[in-house]
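The chain that follows stands alone, in the form predicted on its own, written as structure tokens.
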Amino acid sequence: MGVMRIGHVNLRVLDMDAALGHYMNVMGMKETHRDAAGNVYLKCWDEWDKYSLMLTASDRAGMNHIAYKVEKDADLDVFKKRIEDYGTAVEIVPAGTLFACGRALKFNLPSGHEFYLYAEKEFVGKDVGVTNPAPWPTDKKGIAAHWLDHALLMCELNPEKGINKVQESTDFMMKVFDFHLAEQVVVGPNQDIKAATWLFRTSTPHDLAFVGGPVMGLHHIAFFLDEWNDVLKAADIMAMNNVKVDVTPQRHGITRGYTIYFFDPSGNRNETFAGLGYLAQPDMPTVTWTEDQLWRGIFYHTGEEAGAFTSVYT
């Protein structure tokens, strides 16, 4: 029983055509469905479910909801009781509420983000198939990201007012859904304020992360690439397509991943995240970064603050 992985993210975009040009031609995703309301659904070539990204036209950028997939439908009943016992309102929504998905749980994290859990989503298969598959599809486009890897959510943090939604959301995910804490950033005079956390359910350093800020929002969604050379090639492709790059190729201290941060045409931040980083396991000691080494943890090569990286988000 349990949460398996991130399932999809529903992003708001200002210009659907521009957004599709970015996610299909630059990121290499494929459109799998377009509904009557104009929402567009996309998947990466190495994913097997119907979609991992849902785009919704809007007059403001950001995230409508995030959804994670659980192992079995019966898990939803167990998690519903756990959520209710924790004191959080939750409802079961019928199959089809989330396109191509079975019934789901709908609730809000302590941070305020809308969150779904589901067990069933229409299966379409990897682009390379499962019988004697090639290592990658010959018709891939752009960066050709493998899959949607994780998301980082901004949570309200105001220690002077006693508000720490990073801590609350972290506790919720660990106690209710059995997530594990891989890494954390602690700040304050006594180094006892959790300002950021990286949580995992799989064997990668993070399937979800929380970072403190003035208001809730979406910091980024991340797409997986194999290795450092893929990150460098991705940067070339971004330049060829005039993508606004936030942070050029770097290594994280936190998670050890190779990274580029950039923006879609609506201003939603994306990341290409490459490499395993390390093998995360439930008995692994939590890695802690202190306030004086915060930027070394974020950008290991420079150890320096990068513009408005922590203050600009949707």
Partner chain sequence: MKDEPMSRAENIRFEVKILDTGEKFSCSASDHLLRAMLALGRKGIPSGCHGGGCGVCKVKVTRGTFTSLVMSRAHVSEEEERDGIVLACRVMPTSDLEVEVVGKLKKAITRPKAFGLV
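Residue numbers count along the first chain shown, from 1. Quick caveat: nothing in here was measured; it's all calculated off a predicted structure.
Just so it is clear, the following notes concern the form predicted together with the partner chain, a form of the same protein that is not shown.
- When contacts are judged by a 4.5 Å heavy atom cut-off, A308 counts as touching the partner chain in the predicted bound form.
- Within this chain, Q250 is remote from the site of the partner chain in the predicted bound form, having no heavy atom within 4.5 Å.
- The partner chain is not drawn, but in the predicted bound form it has no heavy atom within 4.5 Å of G87.
- Under a 4.5 angstroms non-hydrogen atom cutoff, the partner chain in the predicted bound form lacks N132 among its neighbouring residues.
- For the options A234, A145, A104, A196, the one in contact with the partner chain in the predicted bound form, meaning a heavy atom within 4.5 Å, is A196.
- Proximity to the partner chain in the predicted bound form, defined as a heavy atom within 4.5 Å, holds among V176, V211, L181, L117 only for V211.
- The candidate spot formed by E160, N242 and L294 lies fully in contact with the partner chain in the predicted bound form, as each residue has a heavy atom within 4.5 Å of it.
- The stretch in contact with the partner chain in the predicted bound form, judged by heavy atoms within 4.5 Å, is 188-196, chosen from 95-103, 188-196, 118-126, 70-78.
- The partner is not shown here, and in the predicted bound form the stretch 220-236 never reaches within 4.5 angstroms of the partner chain through any heavy atom.
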